[in-house]
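Presented below, as structure tokens, is a lone chain in the form predicted alone.
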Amino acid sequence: MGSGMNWQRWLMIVPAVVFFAVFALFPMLMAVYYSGLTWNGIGSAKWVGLLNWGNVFHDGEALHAIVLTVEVMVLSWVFQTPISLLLGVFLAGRQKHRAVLGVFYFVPLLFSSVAIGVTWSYMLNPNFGLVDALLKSLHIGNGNQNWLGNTHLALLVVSMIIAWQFIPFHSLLYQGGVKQIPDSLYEAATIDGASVWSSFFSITLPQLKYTIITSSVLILTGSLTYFDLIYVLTDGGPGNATTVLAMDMYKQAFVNQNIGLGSVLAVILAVAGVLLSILTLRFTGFNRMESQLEGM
């Protein structure tokens, strides 16, 4: 079969194109259309062109939400990447009881965001929460810290809970990546007298280059869509301390009943996610689809 496109190949990509058009392209085009309307979602709509786009940053709330979203992206990558990498490497090894420990590590993957949000809300409650009681027993803090009600701590705590939820998924990616590394590389390093840490930095990390890129893209683009967990934990508060862009979009569209302004934020989120993915793949060279096995 030649490398050109024939009718069989066009036929095989039709389901993917239809799926993309129905569930991605069409909703995005509708969001662009709604962004030009003044509409509360129920009554008659009025076309106002680019007026909503001119007003979106007028009161500073959207700009504040963008700053918080960037902070969540950075915190998510910092919390999730190193821990996921180390857990993935550990779980890919041959240590005793590794499989049993792996089951506990992956438990957060089994829970919905709502269940995780409700559970952590109780655990972090300043009156009867388990976290404050545990810290007080260790003589750390005053035992009634309002973790989710403190404007200086809320975003950090929310980012840590998000990390707790998604670290198991990224650990699976790294575990799969480590299992692809040939044992001959480690055997050669052992013969040369390399230590465990030398093998990690000289073999494991370079071989996981594209796994790290894939995980990073998923973390950064996924950070743009965090909504349900934040909604359950803080509802964007205290004040607007955790009102990230997705939460601001929800409030504008369904609380303030301004569908046009909410659609503007939806378009900004979508464009930011696409640009972030393209730029990450472009500058990391991942889109060249080279072999992951460095030097082989």
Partner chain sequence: MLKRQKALLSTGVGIVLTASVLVTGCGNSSTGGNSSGGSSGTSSKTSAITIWDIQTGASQQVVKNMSQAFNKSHPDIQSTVQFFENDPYKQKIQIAMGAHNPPDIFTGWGGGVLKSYIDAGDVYDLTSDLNSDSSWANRFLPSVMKPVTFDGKVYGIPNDNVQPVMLFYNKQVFKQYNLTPPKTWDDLLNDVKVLKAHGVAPISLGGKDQWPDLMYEEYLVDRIGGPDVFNNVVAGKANAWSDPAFLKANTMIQQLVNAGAFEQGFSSVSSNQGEDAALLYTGKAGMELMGSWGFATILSDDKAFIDQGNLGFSTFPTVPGGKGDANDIVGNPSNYYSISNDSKNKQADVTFLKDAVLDPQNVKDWISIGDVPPVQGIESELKQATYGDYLSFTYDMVKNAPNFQASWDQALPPSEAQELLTDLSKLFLNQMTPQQFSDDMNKYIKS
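Positions refer to the first chain, counted from 1. Being a predicted model, the structure only gives us computed values, none of them experimental.
Although not depicted, the form predicted in complex with its partner chain is the subject of the following passage.
Undergrad: Does its partner chain come within 4.5 Å of a heavy atom in each of Pro108, Ser223 and Tyr226 in the predicted bound form?
TA: Checking in the predicted bound form: none of Pro108, Ser223 and Tyr226 is within 4.5 Å of its partner chain.
Undergrad: I need the one stretch from 25-33, 47-55, 249-257, 263-271 whose residues put non-hydrogen atoms within 4.5 angstroms of its partner chain in the predicted bound form.
TA: Answer to the contact question: 249-257.
Undergrad: Which of Ser112, Ser202, Ser216, Thr151 has a heavy atom within 4.5 Å of its partner chain in the predicted bound form?
TA: Contact residue from the list: Thr151.
Undergrad: Please pick, from Ser137, Ser195, Ser184, Asn127, the one residue with any non-hydrogen atom lying within 4.5 angstroms of its partner chain in the predicted bound form.
TA: By the 4.5 Å criterion, the partner-contacting residue is Asn127.
Undergrad: Can any non-hydrogen atom of Trp39 be found within 4.5 angstroms of its partner chain in the predicted bound form?
TA: Although its partner chain is absent here, Trp39 would stay clear of it in the predicted bound form, with no heavy atoms inside 4.5 Å.
Undergrad: Against its partner chain in the predicted bound form, would Thr234 count as a contact residue? Criterion: heavy atoms within 4.5 Å.
TA: Contact check for Thr234: yes, within 4.5 Å of its partner chain in the predicted bound form.
Undergrad: Does at least one non-hydrogen atom of Tyr122 fall within 4.5 angstroms of its partner chain in the predicted bound form?
TA: So Tyr122 counts as contacting its partner chain.
Undergrad: Contact with its partner chain in the predicted bound form for Asn144, defined as at least one heavy atom pair within 4.5 Å: yes or no?
TA: Judged by the heavy-atom cut-off of 4.5 Å, Asn144 is in contact with its partner chain in the predicted bound form.
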